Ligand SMILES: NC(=O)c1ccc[n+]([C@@H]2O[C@H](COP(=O)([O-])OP(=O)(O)OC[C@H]3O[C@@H](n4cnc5c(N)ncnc54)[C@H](OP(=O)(O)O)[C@@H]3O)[C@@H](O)[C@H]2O)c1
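Next up: a single chain in structure tokens, the form predicted alone.
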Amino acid sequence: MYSLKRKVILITGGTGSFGRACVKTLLEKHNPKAIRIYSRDELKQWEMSRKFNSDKLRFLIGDVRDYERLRRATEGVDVIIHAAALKQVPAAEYNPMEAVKTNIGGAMNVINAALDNNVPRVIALSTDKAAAPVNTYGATKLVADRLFIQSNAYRGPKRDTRFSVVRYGNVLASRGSVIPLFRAQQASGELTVTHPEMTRFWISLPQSVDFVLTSLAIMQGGEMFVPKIPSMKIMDLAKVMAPGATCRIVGIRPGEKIHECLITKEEGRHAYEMKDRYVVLSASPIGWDNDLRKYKGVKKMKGEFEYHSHTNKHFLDHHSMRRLLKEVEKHA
């Protein structure tokens, strides 16, 4: 299994919720040689430098839209974790050209920088909104997913660069998620819920980091990894967080789904199951065939497999939600 020990790791968007949690895990458990934090926000980089106080961290000001800066930042890098993106659905709907520049153009820049510097492993973070997208954010991330997967065919005979993607659902308590919103509304006694039947996939921040790093360890290139994670109803979450509060239905926002999907029926034709995740292989040639024997306990999904939040076999009950919220508070 691939080890991150003594590796040079670059995290794009490294000052975000995922980046901070990932840096913490890498420093505590993996002993990398260096971690390069690549982001636009100098204040957040300064705050991170004070929080971690580690001589293994390198803070690089830069935008994924800037190829020349990115190419220089990836020199001598062993692993790229691409987490930078414009993620807020309403912002992307109102500013679609900016979402394209960052989520698609930025993905192309990461890919080209990795190829030009022969970075061995590149893994990109995706979202359930990229599966059968109905909004600009999801559409740009779907294109980015396809770019990363198909870029394995661009590496040629002299490079060993390999690209994979991880796709998961809503991250509990991340910036812009519903949990911080509900917390802010608790004092008023009224919580706003978009739709009474809305469901979402949920994963905690530490779980998302572990999933990315374990996928990085087993990737061969060209796969999309999807975790087996629970679903919950947003209305149930509101009742757990504020039992005495009223819930006001405000309607779904532009570009929002009632239920989310992690694997479409079309993707399901190429899906394989492991104990804790699904592996979706590329439907197009990428230059080699993945050796399925390297995925422990893998088996082909049968029939027309698809993975939706409302038909998920694993739903969180109220007790499980309370336990999960306590876990979130512990890592806040």
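So that there is no doubt, residue numbering starts at 1 and follows the sequence shown. Note that this is a predicted model, so its numbers are computed, not measured.
One more form of this protein, predicted in complex with this ligand, exists but is not displayed; see below.
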- Note on the structure: The stretch from 156-164, 192-200, 125-133, 245-253 that lies within 4.5 Å of this ligand in the predicted complex, judged by heavy atoms, is 125-133
- Answer with one of V110, A84, M224, A144: the residue that has a non-hydrogen atom within 4.5 Å of this ligand in the predicted complex. A84
- Using 4.5 Å between non-hydrogen atoms, is I229 touching this ligand in the predicted complex? no
- Item | Contact test in the predicted complex: S215 vs this ligand, heavy atoms, 4.5 Å | no
- Do S174 and this ligand share at least one heavy atom pair within 4.5 Å in the predicted complex? yes
- Message: Is it the case that T102, even though its partner is missing from this view, gets within 4.5 Å of this ligand in the predicted complex, heavy atoms only?
- Response: yes
- Query: Honest question, do T264, E306 and H308 all end up within 4.5 Å of this ligand in the predicted complex by heavy atom distance?
  - Reply: no
- Could you list which residues of 21-52 come within 4.5 Å of this ligand in the predicted complex, counting heavy atoms only? Y38, S39, R40, D41, K44
